[in-house]
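Read the single chain below, which is given as C-alpha cells and is the form predicted on its own.
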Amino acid sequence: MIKDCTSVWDSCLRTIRRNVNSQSFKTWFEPIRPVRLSNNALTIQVPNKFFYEWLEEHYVSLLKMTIRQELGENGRLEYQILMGAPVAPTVAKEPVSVRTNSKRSGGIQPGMIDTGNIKNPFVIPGIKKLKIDPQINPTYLFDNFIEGDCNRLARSAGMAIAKKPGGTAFNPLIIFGDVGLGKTHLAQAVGNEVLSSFPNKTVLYVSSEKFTNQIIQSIKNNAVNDFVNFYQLIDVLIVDDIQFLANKTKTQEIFFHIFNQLHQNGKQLILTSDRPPKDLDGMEERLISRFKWGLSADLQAPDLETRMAILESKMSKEGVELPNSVTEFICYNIKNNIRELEGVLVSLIAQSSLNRREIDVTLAKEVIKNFVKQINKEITVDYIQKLVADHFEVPVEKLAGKTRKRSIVIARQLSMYLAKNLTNKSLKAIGENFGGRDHSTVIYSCKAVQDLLDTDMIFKDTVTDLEKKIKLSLNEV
C-alpha cells in the first residue's frame, strides 16, 4: 500500500493522542497540517515559529518515535512554518520622538516622553515631559498567573512577548475567552514584565470603554490628531474587551489608524476579547483581518487540578489555610470563573471571622449558594457516564456501543458499578443507559469491577477518586 502524507500523519496522531492529554493534543497537534511525503521525510505545516519551537522543546522525542514507527529508522520530520502574517520591521530601541528630543536641557528620563503640544487623554492637558502612567495593576504578574492546559499557549506567548516586545510573530496577541478566566490578568502581566525588563519602554493599558470615551472627548475638543499622535508614541498598547468597539464606526476608524501605525513601527499590540476575531460581529473587516495577523490564543475553563492550584495560591497570598475537604468542595463546584474562586475564599474568611465559625464544608455550602444557583443535584447515570468517559478520555457514546476495546470496556463496567452504588436506579434501568443491556450484564460488570478493586490498588485509587468527585461536585459529602 502506497502511503501519502495524510495517512502517515493520521497514524502518527493516533499514537500521539494516546501519549498526551486531550487538551495538549487539541492545542499543539490538531492545528498541524501534513504537506507532503518525500524520500522518507514527512513535511508538516505549523502556524508559526513559536509553535515549531514549542514542539521541538516539549515533544521532539514523541514525534521522533511516531515518525520512525510509521516510516522506519530513516524516517524524518520536516517543518513548514505558515508565513501568512506580515513580518514586523526592526524595532528601534527608543521611540523616534525620544531620540529627537533627548538633547534638551535635562534630557528625558526612561519611561518619559516629551508630549510637546500633544494632549494626553489620561491627564490634565498642558503638562509637558510627562511620565505616562501605564494604568496597570502591579499585582497582575506571571508569578501569580497559574499555568495549566487551559491557558498554556496564551501564557507562553505572553512571556515570549515580554522578552521581546514587538519583535515576535505574536503581534497582535489576541487573548480571548469567557468572563473570569484571567484575560486582563495575563495581558497586564505582559505589561508589568515589559516595564520591569525595559524601563525605557512606554506601556499603556486601556479598556475599550475608556478608549471610546476619549475619542468622543477628542472629537468634541477638535483634538483627534492629538489623540492619535499620543497613542502612536506607545511601545506596548493593551486594549481590553475589544468586542465593545462593535458598531462604533468612528472609534473603529481611529483605532484602525493607530493599530496600523504602531504595527508598522514594530510596537506591540495586545488585545483581549470574549470571542475569537472571526466571531466579532459589528467589526470592520479590515480590522478583523489585522487581528488575524498575529496569534489568537484562547483561555479555557481551568481543570480541577488548575483550580486547586489557583485557590491554594490565593490562600497562600491571604495567609490562610483551609481543610482539604473544603478546598476540594469549592473547586468541584466553582468551575468556570476564577474570580468566583477568589470571591468564595474572601466570603469564607469573612463569615468565619464575623460569626466566629470554623471553616468547614457546611459553611462552604452556605457561602457557595451565593455564587452557584444550584449545587444540589440528583446523581444520574448520564452524569456518571460523562465523568468516567472524561477520566478515561473515551467518547461517552462508546459506553453504549458494542466495542470490546479494553479501555472502553473498563470505562463501561466502572460506570455500571458506580451507577449501581450511587443511584437508586434498578439494574434493568441502568442497563438501558448502556445500549439496552440486560440486568445480568450489569451484575457481571459490577463483579468484574469488584474483582479489580480487590487486586489492583491503582485502580482502587481511581475508583475512590471518582466516587469522591461525584459526591463533592453534587454536594453529597
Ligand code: ADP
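The first residue of the sequence shown is number 1, and the count goes up from there. Small disclaimer: the values here were computed from a predicted structure and weren't measured.
This protein has a second form, the form predicted in complex with adenosine-5'-diphosphate (ADP), left out of what is shown; the following refers to that one.
Using the partner position in the model of the complex, report whether residue 267 sits within 4.5 Å of adenosine-5'-diphosphate (ADP), counting heavy atoms only.
Looking in the model of the complex, residue contacts with adenosine-5'-diphosphate (ADP) do not include residue 267, since no heavy atom lies within 4.5 Å.
Wondering, does residue 184 line up within 4.5 Å of adenosine-5'-diphosphate (ADP) in the model of the complex on heavy atoms?
Within the cut-off, so yes.
Does residue 219 reach adenosine-5'-diphosphate (ADP) in the model of the complex, with heavy atoms at most 4.5 Å apart?
Residue 219: no, not in contact with adenosine-5'-diphosphate (ADP) in the model of the complex.
With a 4.5 Å heavy atom cut-off, would you call residue 144 a contact of adenosine-5'-diphosphate (ADP) in the model of the complex?
Heavy-atom contact with adenosine-5'-diphosphate (ADP) at 4.5 Å: present for residue 144.
Only one of these stretches, 306-314, 358-366, 386-394, 281-289, has heavy atoms within 4.5 Å of adenosine-5'-diphosphate (ADP) in the model of the complex; which one is it?
Result of the contact check: 306-314.
What is the one choice in 169, 338, 203, 271 with a heavy atom within 4.5 Å of adenosine-5'-diphosphate (ADP) in the model of the complex?
The residue in contact is 338.
What is the one choice in 298, 226, 149, 342 with a heavy atom within 4.5 Å of adenosine-5'-diphosphate (ADP) in the model of the complex?
The option sitting close enough to the partner is 342.
Going through 417-438 from first to last, which residues have a non-hydrogen atom within 4.5 Å of adenosine-5'-diphosphate (ADP) in the model of the complex?
None of them.
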